[in-house]
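First comes one chain, alone, set out as structure tokens in the form predicted alone.
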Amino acid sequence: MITLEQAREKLQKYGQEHVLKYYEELDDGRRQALLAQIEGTDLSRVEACKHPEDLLQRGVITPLASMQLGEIEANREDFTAVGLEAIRTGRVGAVLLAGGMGTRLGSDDPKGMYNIGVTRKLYIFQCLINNLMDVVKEAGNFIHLFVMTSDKNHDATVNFLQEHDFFGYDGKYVHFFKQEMAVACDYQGKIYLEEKGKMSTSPNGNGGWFVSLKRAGLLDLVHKEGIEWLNVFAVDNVLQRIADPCFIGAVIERDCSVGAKVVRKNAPDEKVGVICLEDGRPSIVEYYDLTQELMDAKDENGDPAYYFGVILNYLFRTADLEALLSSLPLHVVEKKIPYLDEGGNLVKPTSPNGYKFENLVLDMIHQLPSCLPYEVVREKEFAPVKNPTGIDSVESARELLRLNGVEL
């Protein structure tokens, strides 16, 4: 633990001395917590907000062809055999990104605890583990599952899964880690305080999962177990196939650094990012960056050139991820950030008042030399739960679960 003087020196280097404004008012426990936060925070990130325009420049976007359903079916037997062999020899792990809360669904619990059942209880976590268990039964052995939580939901998530005995999954293969947090600042780069003894922070983005896993010490386990591939997936898609042997085998056979499950978009302006090349390297254009020109572009077959949307289900080669740990670019995002005013009163702004800092999965992909976009049938593998009703909702996910034979 750094001393008060060392903390002051670190803050002075970046013009953030105000963080210690209320230090003398704090009890010993909160003083130690603040010093620990200062010690563990990369203050150099805040410098990026002084020129945010430099971080948003995109290269030349061109299409990246996906492996489509016909090719996958023609090779399914071979791909599946390769994938199952990788799973049976312990070379595949899975990473569940579960740091979010169910706020938009009207719940104060972690999103994975949401009950999507109708006549019985069926939780989002339960759906995902049931899907993973399908592969466990096929392969004949368990897969290490790394669950990324957040400061807000860690204890609730761990307790919930333990109380439900991991819904039949072997608890020895389940490992929890918290997502790293990044400080938030005003437009001049001054870090906000959310409490007198705590700097304002937010999660470090969906591309921060690997550095968070490493800092939690779990990369040692990955090495010890010989895990060469990590299948990363989001908590809110209740139909997705996890550690899918055919997908794994296709990525291994094509010798790609990363595989990305994709679906055909149901409309040119559907709110999903699309797989592409950027300056000749694999990348993703988020839906809000997709210009009309890109939406209208056609490939050599006359189909939309940017036809396939990502569903946040990726297979990364671990060794390649380790090589790029220190080179991920930073995104500066305008947000509404609660803060203490000059009088020490908590203010909850109604409009954006500063910046948060994130790493994104799309940047991880763009740093890698090769990517295999792998098409899946959206009605069988894409049922996101983002809203209570309407598009990508509890209602639509329930309907898709029923169509796939899941009892609700």
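All values reported here derive from a predicted model rather than from experimental measurement. For every residue, the number given is its place in the sequence shown, counted from 1. The term rigid core refers to the most C-alpha atoms you can superpose between the two forms while keeping them within 1.5 Å.
Form predicted in complex with ligand UTP: not shown, discussed below.
Using a 4.5 angstroms limit between non-hydrogen atoms, residue 97 touches ligand UTP in the predicted complex. When ligand UTP is considered in the predicted complex, residue 101 lines it closely, a heavy atom lying within 4.5 Å. Contact check for residue 204: a heavy atom falls within 4.5 Å of ligand UTP in the predicted complex. By the criterion of a heavy atom within 4.5 Å, residue 10 is excluded from the residues contacting ligand UTP in the predicted complex. Of the candidate stretches 103-111, 275-283, 299-307, 68-76, only 103-111 has residues whose heavy atoms lie within 4.5 Å of ligand UTP in the predicted complex. The partner is absent here; in the predicted complex, the one residue of 218, 139, 92, 312 having a heavy atom within 4.5 Å of ligand UTP is 312. Note on the partner interface in the predicted complex: the residue among 250, 148, 260, 243 having a heavy atom within 4.5 angstroms of ligand UTP is 148. Residues of 369-408 placing a heavy atom within 4.5 Å of ligand UTP in the predicted complex: 386 alone. In a rigid-core overlay of the protein, residue 334 has its C-alpha displaced by at least 2 Å between the shown form and the other one. Core-aligned CA deviation for residue 171 between the shown form and the other one: less than 2 Å.
When the rigid core is held fixed, the Cα atom of residue 295 travels less than 2 angstroms between the shown form and the other one.
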